[in-house]
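First, one chain by itself: the form predicted alone, in structure tokens.
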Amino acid sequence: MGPRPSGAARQGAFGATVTFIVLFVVDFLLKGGHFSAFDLKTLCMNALPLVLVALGQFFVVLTNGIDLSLGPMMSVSGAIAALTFSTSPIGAVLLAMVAAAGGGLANAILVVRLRLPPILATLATMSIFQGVALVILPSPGGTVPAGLTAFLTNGGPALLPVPLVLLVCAALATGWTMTTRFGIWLRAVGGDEGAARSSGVAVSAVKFGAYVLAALLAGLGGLYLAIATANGSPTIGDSFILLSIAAVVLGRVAIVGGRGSPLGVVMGALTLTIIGSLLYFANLSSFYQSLINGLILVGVVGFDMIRKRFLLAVRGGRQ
């Protein structure tokens, strides 16, 4: 039916895991060999929004697309939730998720039905969602129940904090999704859309599902950001526009070809988060993070290209 998780995908996830472990060890050593339960909770709490939006980006990238609107969608869902939590917490969550799903549906219509290039379609909706977030909440504000913030950021046993549980659940749920028919079809569409269609794959439905699912995960990320910071912000998701793509690339997900692993994406997101921790500990401005992230991306992509060329040369020499 199509490409399943391959050895290349597992190898990519392994490489992303090694990258994270190396940086984690550096962070551990710089802190004098100290890593407490509080440090674990903080790492997971800071990484969770990026993990969620990056997993959403992962679904879109598997279709050979890209979604630049996921960051602003986080801002929209967070702003909606922050303004409505005081009225009805459950209603706030539902309303935020409905708005996110609507944004994903709009992206899918532009890309699948109107056949606009994904990067152009989502660039347009990115601007639209940024404007919507500002209309909903012109400046940071809103109200989030203190108990909810305390539970989702500090709750749980010392060695099993709620942010860690949520992060693991997100990774497991995405991994399970990739074993379903939808996940298999998703890889098939990314691998060869024409062949997938000839094999009976509902290509349009798969792409619609990818964009809507991506938006829902971004909405959850924005919702968690609003809860963790105890308010909403119309621009809080903007920094995740490129970070979500960077996490996917660091996770060794193929931008073209329907190959990649959710574990790699999670490790990519954790790597970007630990870089922020290293910069904070080194007392460097956060402005350096973009520079360092870019250098790491170039290094990762460059290393993979060199490795692939080396393997091709070795195989060619054996023939």
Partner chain sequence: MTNTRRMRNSFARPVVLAPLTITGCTVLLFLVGSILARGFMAPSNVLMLLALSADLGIAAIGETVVILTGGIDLSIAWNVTAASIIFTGITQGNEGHLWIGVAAGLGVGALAGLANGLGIAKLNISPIVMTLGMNNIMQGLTLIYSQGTPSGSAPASIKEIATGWLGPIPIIVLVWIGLAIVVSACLHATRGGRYLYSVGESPMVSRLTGIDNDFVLIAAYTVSGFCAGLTGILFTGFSSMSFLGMGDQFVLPAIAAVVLGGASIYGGRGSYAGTFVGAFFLTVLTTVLAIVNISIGFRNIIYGLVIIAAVLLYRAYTRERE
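Numbering follows the first chain given and starts at 1. Fair warning: this is a prediction, and the values are worked out from it, not measured in the lab.
The same protein also has a form predicted in complex with the partner chain, omitted here; what follows describes it.
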| property | result |
| --- | --- |
| Non-hydrogen atom within 4.5 angstroms of the partner chain in the predicted bound form for each of 135, 242 and 245 | yes |
| Interface residue in the predicted bound form among 147, 131, 200, 91, criterion: non-hydrogen atom within 4.5 angstroms of the partner chain | 131 |
| In the predicted bound form, the one of 160, 205, 172, 114 near the partner chain [non-hydrogen atom within 4.5 angstroms] | 114 |
| Candidate stretches 79-87, 161-169, 174-182, 119-127, one within 4.5 Å of the partner chain in the predicted bound form by heavy atom | 119-127 |
| Contact flag, residue 18 vs the partner chain in the predicted bound form, heavy atom cut 4.5 Å | no |
| Residue 278: touches the partner chain in the predicted bound form, heavy atom cutoff 4.5 angstroms | no |
| Touches the partner chain in the predicted bound form: residue 152 (any heavy atom, 4.5 Å) | no |
| Interface membership of residue 297, the partner chain in the predicted bound form, 4.5 Å heavy atom rule | yes |
